[in-house]
Structures are given as C-alpha cells and as structure tokens.
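One chain is shown next in structure tokens, namely the form predicted alone.
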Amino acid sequence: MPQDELVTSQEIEKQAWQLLENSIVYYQGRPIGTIAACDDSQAALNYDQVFVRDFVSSALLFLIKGRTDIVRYFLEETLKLQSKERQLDAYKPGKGLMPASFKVVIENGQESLQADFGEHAIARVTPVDSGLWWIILLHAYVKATKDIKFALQPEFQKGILLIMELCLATRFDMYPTLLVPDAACMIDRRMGIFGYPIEIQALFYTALRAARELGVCAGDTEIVSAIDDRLPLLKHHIRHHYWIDINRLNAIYHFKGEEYGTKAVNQFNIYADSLPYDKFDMWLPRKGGYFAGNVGPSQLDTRFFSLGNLMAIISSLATEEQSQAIITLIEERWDNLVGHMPMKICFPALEGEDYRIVTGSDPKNRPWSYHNGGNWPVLMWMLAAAAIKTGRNHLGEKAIEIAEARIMEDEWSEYYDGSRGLLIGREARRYQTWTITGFLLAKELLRNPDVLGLVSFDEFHPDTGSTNACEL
C-alpha cells in the first residue's frame, strides 16, 4: 500500500478511537457504557442512551485494549436494572428481562439510571436479545480478565439463572428454538420476523454456550443439565430445518403437504410454491448456502439475514461445511451482500405488495433502506470474525478497504440505502458509535485473530464441553 494511503488509514483509525472516547457515558464518576450516537444535527430520541446490543462491539474493543473497568461497570449496572420480580401487570417487564437501553438522569443533584424495557421505544418493542448479549459479554469479560470470581458472585449467578429461566422454562411451544415477537432484536421494527428468527436463535445458542461454561464453573448442575438438554436439540433443529442450499431446495421442491404423524418428512408443512425458485436460479451458487430467516408452520422465510448467519459461524452453530458454504455465498454474491459498504442486514428487500403488507408501509423501512435491505457498517466486525473462523481473512480485509474509502467522509453513518449501499441512509444518524466500533473491531480482529476467542466457540460435545471451562 502506498505511503499516502497508509497515512490516510491511520488518520481514519485515529479519528475513530477519539470518537469512541467521546461517546463514553459516566455514572457516579465511573465509565459505564457508550451512547448510541453523537449526532447533534438531529433530535436525540433515544440515541443519547446506552444500548445493550450497541455496546457489545465497544466492550470487546475495550477488553482487547485492557480497559476492562468500563465493561465491568456496565455489567454491574445493567444487572441492577434487570427485572427481578414476577409481574402480573402486562405493562411491566417480565422477570429476568434485561433493558434495551438506559440513560443517566439527574434530579435534585442526584444521579440515577433510567432503564427502557421497550415501554418508551417506537412501537413499544421488547428487547429479547439484550439478555442474550449480556451473557455473551459477561463470558467475554471473564475470558479476557481471567476473573471467574466476578461471574461467580451470587447476584451474577442469579442474573444468569433468570435469563435462562426466561428462555428454557415452561412455554407455549414444542420446538427447541426461542419463540419471540416481531422487532425483538437488532431489527426492531416490523419486518415479518416474528416466530423463530435466525438472529435470535444464533444469539440464543451462543448465550447457552456462554452460560454453560459459567454454570460449570459455579457448580450449578441444574442449569448445566438444562442447557445440555437443549443445545443438541437446538443445534440439530437449526442445521436441518433452517439450512438452504441446492440439495435442500431440491428436497423441498418435491415435498408433499398435509402430512400427519411423527414420520412426516415435511414437518412444517412447507409448500414448495411459496419459495421463490426463479430467484434462486440466479442468486444461489452451487457451493453456497445459508440459514433461512425463519421457520415455522407453513413458513420458510428465504431471506438472508446477516447477523444470524455470521453469528452461526462464529459460535459453531453451523457445521464446518455450512460455515464454508455461507462464506462462499458472501464471496460470490459480494455485490448483493456487501456492495459499497459492509454489510447488508438482509437480502433481498421486501418490495411492492410484500413491503406494504409485511412492514405496514413503514417509510423508514422502504425497499433497500434501514432494516429492509439497508447496509450496516456495524456488521463489519462479524463479517471479519466469520472470515477468520473460516480461513477467509482476505474477505475481512477487503471489507475494511471498502469502508475506509468513505466511512470517515460520510461521518460514520448509521446505515446506508440502495441495493448496493451507495447512498447514506435518509434518516441515518452521523457519528454512530457502533459504526465506529464495528470498523475498529474488524481491524483489531484481523490484526490479532486470537482475540476472536472472546466470542467464538468450537463445536460443542457435551461429554467434553466442560473439560477446561473454568480456565476461561
């Protein structure tokens, strides 16, 4: 790389670190997180708050750089905000729920934290993913610091237990997957992902792996046993029923409907005519594959959702063969899934009548914008992590090179619009913190692939999974 380009790259990174520093939120004199965006040009709404999901990439950077205090304080304070009591009031958060976000409030000279469990959010969405990300981050903190005693504190073990009870307890369901409402994750607007979206299932699997290791260290045989019961069922269910490649499409093409009984082949009563076979001919490479966006009664959502598929690689929810197929799909359909800014949140976008019905004609989620086919730079770190995990580091490097060409000039935009992400999002915030950290974390992962171990897992085998669990 020429010297002038190298300097430019260094300047971009230097500004990114300074912006991250400026985003830190303090509470009672201690750093406890980073705000969603430092954009003074638009109304704050809730972008001036600390979001659990947004903070994960910031936290991983701080752990890599040895600044563990901010992550520790974040984990402690969010744990205090967790709903601890059973609620019969439908408008109060259920027991074990973690907030989507929080902010520092000053009244009469006293600081306090005000949590938002979705009751203030647009459309009042419930943050199912917050608790899952919290466990994943707690596990990463312990791995980075080797301080297992931190997670073994009674209040932390109770916090983990409450989240596990929310996910594993008695429910109106008979699948190993996690049933959630629409807008329960990063896609927090109506996008037709209610049911069993792949994003939640991948995070659920990763959180179970993290909680199991922490539970083994705590000697909690009950929770470990419950997780051991669920993990293989969840893994098999996702690998078999969610997987889409040419061979799987051929099988579905010949499915018979209305099958009854335990020996049914078409267990979810999927009708082949509901799948866009004409589009697969043009889009799905023979050696590529991916996990469907959603599977349920007569439902196979064939959209590609990036976060769920990338986290499936990182956590080893996908087999080695499936992981290679996913990354092959990304490489061969680079213009569709990455384009001018890594990376597209889902593909393809809902258009026409599908857009009107599924999104409710949401103007923010119009075709190829925001969650409906927009490009989100935060996903860069997961793309880099998946590339490293599959031995395709060059894809992560290529993604960073694309981002560096415009990300600072575009003032660290929240998201991008257009079928290839060429346009800055119409309502995108500038100086979005997880855009900044997605870029920086991708660079750190590629410089030192060993730090991927903070969030990555190998294939799970119950008989050997706990051998070195307490040597985190």
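Owing to the predicted nature of the structure, the values given are computational and were not obtained by experimental measurement. The first residue of the shown sequence is 1; numbering continues from there.
Keep in mind the form predicted together with a small molecule is missing from the figure; the text below concerns it.
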query = in the model of the complex, which of the listed residues (W381, F305, Y370, Y196) lies with a heavy atom within 4.5 Å of the small molecule?
reply = Y370
remark   = Answer key: of M186, I135, I326, V224, within 4.5 Å of the small molecule in the model of the complex (heavy atoms) is M186
inquiry  = For the interface check, one of 400 to 408, 430 to 438, 416 to 424, 60 to 68 should have non-hydrogen atoms within 4.5 Å of the small molecule in the model of the complex; which one?
reply    = 430 to 438
message = Please tell me whether any heavy atom belonging to L446 falls inside 4.5 Å of a heavy atom of the small molecule, as the geometry stands in the model of the complex.
response = no
task = Would you check, heavy atoms only and a 4.5 Å threshold, whether A36 touches the small molecule in the model of the complex?
result = yes
message = With a cut-off of 4.5 Å between heavy atoms, is F204 one of the residues that contacts the small molecule in the model of the complex?
response = no
key: Contact label in the model of the complex: F74 to the small molecule, heavy atom within 4.5 Å   = no
